[in-house]
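Presented as structure tokens, the chain that follows is alone, the form predicted on its own.
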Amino acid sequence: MGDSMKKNSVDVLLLISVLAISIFGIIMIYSASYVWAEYKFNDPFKFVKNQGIFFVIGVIFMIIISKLNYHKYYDRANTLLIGCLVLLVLVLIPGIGTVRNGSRSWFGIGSFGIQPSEFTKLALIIFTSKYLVNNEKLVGNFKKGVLPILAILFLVFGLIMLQPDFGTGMIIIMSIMGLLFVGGVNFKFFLKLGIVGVLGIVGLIVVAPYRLKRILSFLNPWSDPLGSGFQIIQSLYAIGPGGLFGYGFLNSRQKHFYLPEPQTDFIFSIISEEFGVMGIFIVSLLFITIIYTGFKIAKRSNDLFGKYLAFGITFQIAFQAILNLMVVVGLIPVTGVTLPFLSYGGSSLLITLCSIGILLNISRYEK
């Protein structure tokens, strides 16, 4: 691969789509959160200001990273992953990690929170991409090729489950499974792993009965409308009446203390309520454009590390978006997963924009 770099129209399409959906996310965070922010903090701009700061920092990082040769991450993959593993251990220590919504997943810095699991998602994709490049001939052998990377994957998953953060853990597993599949791992392995995964989920439910409540409420949320089924019911109440064009910007009813923390996991419900089918269509179109462009960059990369890295980043964004949307419309139980680019969450937005920066850099190198 030469050092010559050539920009093409796909770069511009990806960049515009990402900036458009992120800016729309900031606007919707204000709409979804100002009622709650004014009540709790006496500042209707509390959440949008925090997200705006992370957006500006994220865009600056994205531009810088888009100019850095992505092969630098190949050389530092081990260091990045070890650093993230240390952070995942530190966040579990009382006094260092901060508990929010029942999970010890955060480092509190003033009014901001940094979530190390978000950094780990990207670090593990970089590490797995490097591993697949170095072990290309071994991926057909389960013990020598697949088992080592699975051991690291489940170590990361185990540390995240100690917080506990099941949603993030599932995104990491799904993203790496997608990457292993692209890397040429035998399909029979995924079938066997699926069975193990189902048994594992059953085990996690037995260990923490609140997960069973979530599943039962998902099957019939009206069996406990004021308890475990509350969020799904309120989300559906937001989506249902939206119609073609919705109630209009700032006119959501469910954000008035019906839908809990609407600026995070359930921001899509507020978008549906205020902008109706047109809002859903525009957001979906932006996601499809970003995911399609990501896969196109991966497919046309003539460098194996770049190919795996682009696939991994795109898988992660796609799986996280799909998982969040499935929760919001009641197809799966509540997992606590945010919607990329749109939901309130500084760490998530920052890392997603950095990931896009890497994608933009990979797309600069052509055959």
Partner chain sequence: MLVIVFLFLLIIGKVFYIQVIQYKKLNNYATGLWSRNLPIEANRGIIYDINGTILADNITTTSLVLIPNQIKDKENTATLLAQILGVSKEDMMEHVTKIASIERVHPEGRRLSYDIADKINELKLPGVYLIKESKRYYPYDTFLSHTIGFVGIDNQGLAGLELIYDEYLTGSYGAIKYFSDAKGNRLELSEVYEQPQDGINMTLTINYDIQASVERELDNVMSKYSPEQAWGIAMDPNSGEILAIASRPAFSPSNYSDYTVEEINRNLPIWMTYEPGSTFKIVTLAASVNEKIVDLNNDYFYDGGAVTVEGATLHCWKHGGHGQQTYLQVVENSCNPGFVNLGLKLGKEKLFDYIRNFGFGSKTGIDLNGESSGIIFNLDKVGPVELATTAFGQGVSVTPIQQITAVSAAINGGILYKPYIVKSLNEPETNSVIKENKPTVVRQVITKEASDIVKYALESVVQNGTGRNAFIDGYRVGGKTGTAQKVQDGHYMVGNYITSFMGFLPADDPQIVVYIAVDNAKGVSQYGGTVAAPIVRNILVDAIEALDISKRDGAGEKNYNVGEKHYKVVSNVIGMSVNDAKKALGDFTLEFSGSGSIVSFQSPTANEKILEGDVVRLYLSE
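Residue numbers count along the first chain shown, from 1. Because the structure is a prediction, the values reported are computed rather than measured.
This next part talks about the form predicted together with its partner chain, which is not shown.
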Using a 4.5 Å heavy atom cut-off, which of 65-73, 318-326, 52-60, 302-310 contacts its partner chain in the predicted complex?
318-326
Looking in the predicted complex, is its partner chain within 4.5 Å of a heavy atom from each of 237, 244 and 254?
yes
Contact with its partner chain in the predicted complex, heavy atom within 4.5 Å, among 129, 175, 168, 272 goes to 272
Contact assignment for its partner chain in the predicted complex, among 223, 284, 78, 134, heavy atom within 4.5 Å:
284
Quick one: does residue 291 come within 4.5 Å of its partner chain in the predicted complex, counting heavy atoms only?
yes
Contact test in the predicted complex: residue 41 vs its partner chain, heavy atoms, 4.5 Å
no
Residue-level contact is defined here as any heavy atom of the residue lying within 4.5 Å of its partner chain in the predicted complex; does residue 330 satisfy this criterion?
yes
So, residue 268 and its partner chain: in the predicted complex, are they within 4.5 Å at any heavy atom pair?
yes
